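The chain that follows stands alone, in the form predicted on its own, written as structure tokens.
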């Protein structure tokens, strides 16, 4: 093992910094999927939305020179994907899981087709906040150089946790997600609520994509996502549809994803590529641990993914 400037402490520091960097897309995708699933609909198309959002943000940032406009464009693209998914799922006898898989492939295909000409150009990156300026150690400075989207994601998790319990919109979302009949009895239009919830969820997922292409790793290519959109769906189940749980679970997934690079930074190269599988192994473990033939998951919306 090679020594770094701060010795063995470089490993937990690198995992901490990596957890923040890697978790940010998970935070936005999982929060978006939580909103969608709380309304009773599953959107497996978020992988395609994530990648298309990454391409859109990168392309707009290259053309305009503004990463902020790139993020806003990605949000608009993600909302359109959500609206398409939601509108199709309004049709009778349509299964939202099947539509989600189709939308995922559609988003991936469109991103690869439209994004080929933006692989080479360099886009301006999103700004970050240098919280490590007090330290003279480069590793600590780098670890505490945190992108503003991470803080926005943390604040959004807290807001959604509060809003689900204390606002009229949160109540409507929960009622629609738990019982379509009860929602109709209250004068609520379930399809309309689910359409809007899916659009908002898609918009948030696209922010995760914008983070990937405009900050970390900070480039656009066809393999930029590595299945993070699908893993975020498992993360929502693990978090029991709780926004704060999603935030903490995203940090856990981010830490697992940062394990390989952290060990490599201190010279551990034996079995290096196996550590890259840590997030996927963690996903499998979570899915197995949370499954049960005899009981339903705590917090699961009662009308989740019911086909009319």
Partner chain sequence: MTIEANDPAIAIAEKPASLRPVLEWIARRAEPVVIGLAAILIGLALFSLFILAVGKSPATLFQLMYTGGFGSWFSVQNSLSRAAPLLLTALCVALPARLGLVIIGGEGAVVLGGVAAAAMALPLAGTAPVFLTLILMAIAAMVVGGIWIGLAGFLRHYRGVNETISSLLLSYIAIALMNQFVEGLLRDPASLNKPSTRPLPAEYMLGNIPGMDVHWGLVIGILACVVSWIVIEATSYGFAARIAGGNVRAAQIQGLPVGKLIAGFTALAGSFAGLAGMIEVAAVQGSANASLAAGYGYTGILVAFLARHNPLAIIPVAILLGGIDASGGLIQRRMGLPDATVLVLQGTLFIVILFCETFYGRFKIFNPDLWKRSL
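The structure displayed is predicted, hence computed values, not measured ones. Positions refer to the first chain, counted from 1.
We do not show the form predicted together with its partner chain, though everything after this point is about it.
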- Message: Considering non-hydrogen atoms and a 4.5 Å limit, which listed residue (149, 123, 231, 79) is close to its partner chain in the predicted complex?
- Response: 231
- Note on the structure: From 262, 239, 44, 59: within 4.5 Å of its partner chain in the predicted complex by heavy atoms is 44
- residue 87 near its partner chain in the predicted complex, any heavy atom under 4.5 Å? yes
- in the predicted complex, does residue 287 have a heavy atom within 4.5 Å of its partner chain? yes
- Query: Contact between residue 113 and its partner chain in the predicted complex at 4.5 Å, heavy atoms?
  - Reply: yes
- Task: Using the partner position in the predicted complex, report whether residue 93 sits within 4.5 Å of its partner chain, counting heavy atoms only.
- Result: yes
- Query: Exactly one stretch in 99-107, 179-187, 161-169, 125-133 has heavy atoms within 4.5 Å of its partner chain in the predicted complex; which is it?
  - Reply: 99-107
